[in-house]
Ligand SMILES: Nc1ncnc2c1ncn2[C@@H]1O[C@H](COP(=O)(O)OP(=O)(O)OP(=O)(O)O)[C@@H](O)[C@H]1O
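In structure tokens, one chain follows: the form predicted alone.
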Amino acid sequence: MKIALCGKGGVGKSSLASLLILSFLHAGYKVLAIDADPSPHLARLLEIPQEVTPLAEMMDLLAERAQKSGPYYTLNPKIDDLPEKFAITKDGLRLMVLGAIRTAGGGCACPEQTVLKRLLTYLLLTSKEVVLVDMEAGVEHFGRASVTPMDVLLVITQPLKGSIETTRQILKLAKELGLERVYVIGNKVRTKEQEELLQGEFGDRYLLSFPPDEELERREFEGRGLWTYRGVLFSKAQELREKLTELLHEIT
């Protein structure tokens, strides 16, 4: 089962990704978590004790693997040894922090990004665990079609105009890529009226609402992770896991 989470920046995508990861671990699954966000948070939220450097920041390594020489580089870099070297393990969890490459102009450094994209594809194709990918915010990754190997795409949204507009755009691009299992998850949905707004907007694509939770917000404020969190949102994550398992039963 390969699940990607995306959405507008600030909607709580990484927190919900962490809760879903913990739900799968709690149910006895082995999980490969991949943080592909330029501002990665999964290591912190999953309480990884050691300092973690995203692969996207290891420019010498990426340039070497891309065999970069001036404007030339390989389109088939060696990456199969990188998971063993850089994956972090913890109680049934395997975490790869890829990050994403950014330049001051907002674009990507193509040779190095080629290595990361190939590594992501390799992880998706070879992993025997449940895979959850925390994608970068927004819609840029759709232009690179990096979500196409996923079994399901979860678009995290909030009952706010900007978030809803981004979600519409993601659904449109997903349709253009031929992705069928694309669902919307509402986060910080405070009232029945807000839930009905999202249900009316996204119809059958709307899967579940996550309410706000003071305990989670307090943990965020205090800089604490979610490894031991078992509040109301953990129960919601378990419900989401069960729904996804049902939806993907034919391939799990």
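Residue indices: 1-based, along the sequence shown. Everything quoted here is computed from the prediction, not taken from an experiment.
The same protein also exists as the form predicted in complex with the named molecule; that form is not shown, yet it is the one meant from here on.
- Only one of 58, 43, 32, 216 lies close to the named molecule in the predicted bound form, with a heavy atom inside 4.5 Å, and it is 216.
- Only one of 24 to 32, 50 to 58, 198 to 206, 184 to 192 lies within 4.5 Å of the named molecule in the predicted bound form by heavy atoms, and it is 184 to 192.
- In the predicted bound form, the named molecule sits within 4.5 Å of a heavy atom of residue 10.
- The named molecule in the predicted bound form is approached by residue 14, whose closest heavy atom lies within 4.5 angstroms of it.
- Using a 4.5 angstroms threshold between heavy atoms, residue 137 counts as touching the named molecule in the predicted bound form.
- Residue contact check for residue 20: none of its heavy atoms lie within 4.5 Å of the named molecule in the predicted bound form.
- Scanning 206 to 236 for heavy atoms within 4.5 Å of the named molecule in the predicted bound form gives 211, 212, 213, 216, 217, 220, 233 in sequence order.
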